[in-house]
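Shown next as structure tokens: one chain only, the form predicted alone.
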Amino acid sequence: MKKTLRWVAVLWVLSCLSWLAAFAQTSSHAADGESHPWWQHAVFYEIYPRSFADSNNDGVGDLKGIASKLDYLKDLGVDAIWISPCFPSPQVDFGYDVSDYENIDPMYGTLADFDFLASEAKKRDIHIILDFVVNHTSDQHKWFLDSKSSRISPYRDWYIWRDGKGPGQPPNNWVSTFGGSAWKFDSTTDQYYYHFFYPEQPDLNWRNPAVKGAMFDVTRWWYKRGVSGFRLDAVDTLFEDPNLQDNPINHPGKNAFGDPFEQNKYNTKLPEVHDILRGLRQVANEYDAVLIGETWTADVAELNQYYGKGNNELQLPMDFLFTMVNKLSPAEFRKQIAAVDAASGWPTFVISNHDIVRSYDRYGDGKHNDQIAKLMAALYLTLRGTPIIYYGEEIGMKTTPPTRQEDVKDPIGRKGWPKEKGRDGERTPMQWDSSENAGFSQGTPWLPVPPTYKTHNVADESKDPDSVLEFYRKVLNMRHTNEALLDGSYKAINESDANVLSYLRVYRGQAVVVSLNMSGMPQTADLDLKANGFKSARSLLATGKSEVRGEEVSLEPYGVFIGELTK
């Protein structure tokens, strides 16, 4: 009996230690004793693996290349890296056509290379997030190859097969987002299969419980291998109307691919999407993992749906409405920030990614682009929420689209040229130094390195205290160490100012003021200090001659002032 009791005590102690270890892992600890999910204080960084760092000089980036740059990322202030798809793939859509969810594409390395990357990242307290393509597979995936082999295949119902309306007529009028009908006829079984994207990307049938089980197990497989979460690709498209009703036409005319302007009423954003997100979240919770959503929404009310009731779906649905403020407008940014700040979950801010023209070009005026790059950094890195940096933003990389159709790699650009040039311009190789190919590779890069690598690269900017890179480092260091920036509330001030965006971040008596001149002229702005219970401000970080005097801040063109307030 004593021996039994002794074992019970041992098991109880081990259970407590396990719980404490899990708690330490799931939470970051603020000085006030409050705990927070690790992802809430983290800075995320998206890596497009083809373009980040090439370790074997074949012209394509790889996992060993990423591992070699972990110290750079740690020094920058990155806590988690999101790696765009690196699974085996025919590369029709550069990895977003997955042929095996539980392996690494040979162009990026091996599973052993991934394990090494995960191990090295863990040593530096950097989490790894993988890009999970949940809507579709490659047409070369073993599931689809079996599915298309016969109408009685056990995998037949893993995809969406239908008879046409008549000879040569697809089941309905749905069009692919990449052009043409969303249905492809397969002569093997004389039926059409559905593809929201390319024909080589057949949609999975998420109404089939076997698909749901298999995909949930994929996430478990990677969690056990050290992954800390997933960015979920194209979550809106998981379900389709089983009755295949025709989509309405929005307005007359044709798009860049020559197709009608359809409203995706019956093949996107169906309510069943949220059932799957809740299920994925339950699995993620077992591993203290985070789910980031590619969530294109019309407003914050729609964004709230992706957090779920009681925040039981995505922890970090991306607010792309923020990226749609494509001009330096304090009024427009105030409106969007206020909306997402009032959302039911923790905000997530991005200003660029692999599908969006870089912020350096969207906001730059061609003359003050570096100043504006710092301005935008000061904005999305000091707001209440979790930021996601796109590789190269921190050095002021610009979009460099191809000038000739024969140079286009992105299938979108090849198909839609010249109206649609594709996304090559925002996916060019990372600019590490001023040597040949910007230090990305000694081979021929898969995309040309832009000529701006001579002036904008990591090595040179690391030596220049006034560079975009050094500004990012300073802001991120401040963000990690200032409680008001980590956990403070957001409050807009001086809201009638048409040129300067100013706001407070306040946390338990501590406060930071951020003032951003979004004009090309010097500006003076009232900081409303006394009205908010503060006496004075002192500079924490400012650009150029921007400074505070009493209640006012003087800002140079596109100037930044970040200050600490005292009562």
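All residue numbers refer to positions in the sequence shown, first residue = 1. Bear in mind that the values here come from a model prediction, so they are computed numbers and not experimental data.
What follows is about the form predicted together with a small molecule, which we do not show.
> Looking in the predicted complex, is the small molecule within 4.5 angstroms of a heavy atom from every one of Asp93, His136 and Arg423?
Yes, all three are in contact.
> Within 4.5 Å, heavy atoms only: does Arg231 come near the small molecule in the predicted complex?
Output for Arg231 is yes: heavy atoms within 4.5 Å of the small molecule.
> Does at least one non-hydrogen atom of His354 fall within 4.5 angstroms of the small molecule in the predicted complex?
Output for His354 is yes: heavy atoms within 4.5 Å of the small molecule.
> How about Gln201: is it within 4.5 Å of the small molecule in the predicted complex, going by heavy atoms?
Gln201: yes, in contact with the small molecule in the predicted complex.
> With a 4.5 Å heavy atom cut-off, would you call Phe197 a contact of the small molecule in the predicted complex?
Phe197: yes, in contact with the small molecule in the predicted complex.
> Where, among 325-333, 112-120, 440-448, 423-431, do residues come within 4.5 Å of the small molecule in the predicted complex by heavy atom distance?
Of the options, only 423-431 has residues within 4.5 Å of the partner.
> Going by heavy atom distances of 4.5 angstroms or less, which of Glu294, Glu240, Asp370, Glu461 would be at the interface with the small molecule in the predicted complex?
Contact with the small molecule in the predicted complex is made by Glu294 alone.
> Could you spot which one of Tyr266, Trp222, Tyr192, Phe178 gets a heavy atom to within 4.5 Å of the small molecule in the predicted complex?
Here the answer is residue option Phe178.
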